[in-house]
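Quick heads-up: it's one chain on its own, the form predicted alone, in structure tokens.
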Amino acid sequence: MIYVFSVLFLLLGMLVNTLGTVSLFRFPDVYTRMHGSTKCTTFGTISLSLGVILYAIIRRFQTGEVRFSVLALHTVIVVAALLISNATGAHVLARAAHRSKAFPKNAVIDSLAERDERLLKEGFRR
């Protein structure tokens, strides 16, 4: 039964990661593309990792081999690193895109541009 959950998490992760890839081609500007791909890869990879962790736990109790515990631990570390680096990387890319004058399509409010203009008027440099 737990094998079924493991396979379901793996399939869900593949589906969500595929949707993230599709978002790169379908969304209109860099910000929405980044939003779609970042969210999908984060949750898709977490789902894939849960599948791997379940599989490792099952195999650990079936075989008694320590290497499956190491596999589960490494997967947990990968998920932690992914949660930190994916959000941070997306933020840095969005900030760089905004500084490169790649503005979002159909944006009504650009708070970052307003803030930059205000800081320039006050004498701060970028």
Partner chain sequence: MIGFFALAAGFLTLLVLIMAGRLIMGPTGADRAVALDAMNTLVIGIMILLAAHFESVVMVDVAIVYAALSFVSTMFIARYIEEGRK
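Numbering follows the first chain given and starts at 1. All values derive from a computational prediction rather than experimental measurement.
Missing here is the form predicted in complex with the partner chain; even so, the following discussion is about that form.
>> Test of understanding: in the predicted bound form, would Val7 fall inside 4.5 Å of the partner chain by heavy atoms?
In response: Yes.
>> Since only the chain is shown here, I'm wondering whether Leu24 would be in contact with the partner chain in the predicted bound form (any heavy atom pair within 4.5 Å).
In response: Heavy-atom contact with the partner chain at 4.5 Å: present for Leu24.
> Does the partner chain come within 4.5 Å of any heavy atom of Ser100 in the predicted bound form?
Replying inline: Yes, Ser100 lies within 4.5 Å of the partner chain in the predicted bound form.
> Is there a heavy atom of Leu11 no more than 4.5 Å from a heavy atom of the partner chain in the predicted bound form?
Replying inline: Yes, contact at 4.5 Å.
> Since the partner is left out here, which residues of 52 to 72 would have a heavy atom within 4.5 Å of the partner chain in the predicted bound form?
Replying inline: Those in contact are Val52, Tyr55, Arg59, Arg67, Phe68, Val70, Leu71.
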